[in-house]
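The form predicted on its own is given below as one chain in structure tokens.
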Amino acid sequence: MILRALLHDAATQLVATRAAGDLDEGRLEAELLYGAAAGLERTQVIARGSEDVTPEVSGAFEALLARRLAREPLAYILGRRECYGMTFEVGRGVLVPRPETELLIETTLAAVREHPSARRLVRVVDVGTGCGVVALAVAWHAPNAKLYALDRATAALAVAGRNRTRFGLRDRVVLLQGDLFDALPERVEVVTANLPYVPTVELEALAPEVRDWEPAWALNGGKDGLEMIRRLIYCVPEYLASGPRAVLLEVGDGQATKVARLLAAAVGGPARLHADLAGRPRVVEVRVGY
């Protein structure tokens, strides 16, 4: 079969099963899956559209396509996800980085760069680091930062460790296992966290890629979605340095106002809301002493 026809047929199947929203998205995913099967970059796949597909590559591609049609996340199949200009390893046991993750990285970087100690050293902790995307992106883009990346899941920390090695950040990012701040060895100037915030009753309504494949413990925020976030807020003051400090939390729809009120009271400063690409408040930030 000609590659172009194979990709069109695959894109049509992806749309029919709702794995892709439209043909353009389906075509993109098909090209990425074919690239993984053939060992090619997407640009190479596009350039070879008029070529015949070998039986070996066709078989490998069909196997990957079947996984995607079963609604396995594309990032799990490819084993990677792009975020903030960096490529991270991902897989079962960690959340797939989302566009909101980039907003948390961007706002955390601003808190680090604008900190009064920015020319010296700013200590940062990423609570619930998962594959390490926030901690590693901040460390990569802010050489003045020392990062602690905490997670209670050893499987997630194993993935974060491989990503840390990939970017050569073993000397500046410390990975620690424990619940919330339990393993943190010192106070820090900046706290950032993307904790579970999906209310339990909403889990079943999530897309199959999320509901059936991503770890439930990393999604389930309890009755109102704020169980873990509330716990972090209540104990965060004892882990913050006494000087200028900042806390940034990613939240779900409709949660920003309540979280802002709780965080402002705990940290002792006014809260600022940062909107995502859809205009929804997604990151709550409180700074003191800047």
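Numbers follow the displayed sequence, beginning with 1. As the structure is a computational prediction, the values presented were derived from the model and not from experiment.
One more form of this protein, predicted in complex with a small molecule, exists but is not displayed; see below.
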Distance check, residue 263 to the small molecule in the model of the complex, heavy atom within 4.5 Å: no
Contact of residue 146 with the small molecule in the model of the complex (heavy atom, 4.5 Å): no
Non-hydrogen atom contact residue 79 with the small molecule in the model of the complex at 4.5 angstroms: no
Contact of residue 236 with the small molecule in the model of the complex (heavy atom, 4.5 Å): no
Heavy atom contact within 4.5 Å of the small molecule in the model of the complex, the stretch among 202-210, 216-224, 114-122, 158-166: 216-224
Within 4.5 Å of the small molecule in the model of the complex, all of 184, 189 and 267 (non-hydrogen atom): no
Listed residue (48, 258, 27, 231) with a non-hydrogen atom within 4.5 angstroms of the small molecule in the model of the complex: 231
Contacting member of 86, 103, 174, 195, with respect to the small molecule in the model of the complex [4.5 Å, heavy atom]: 195
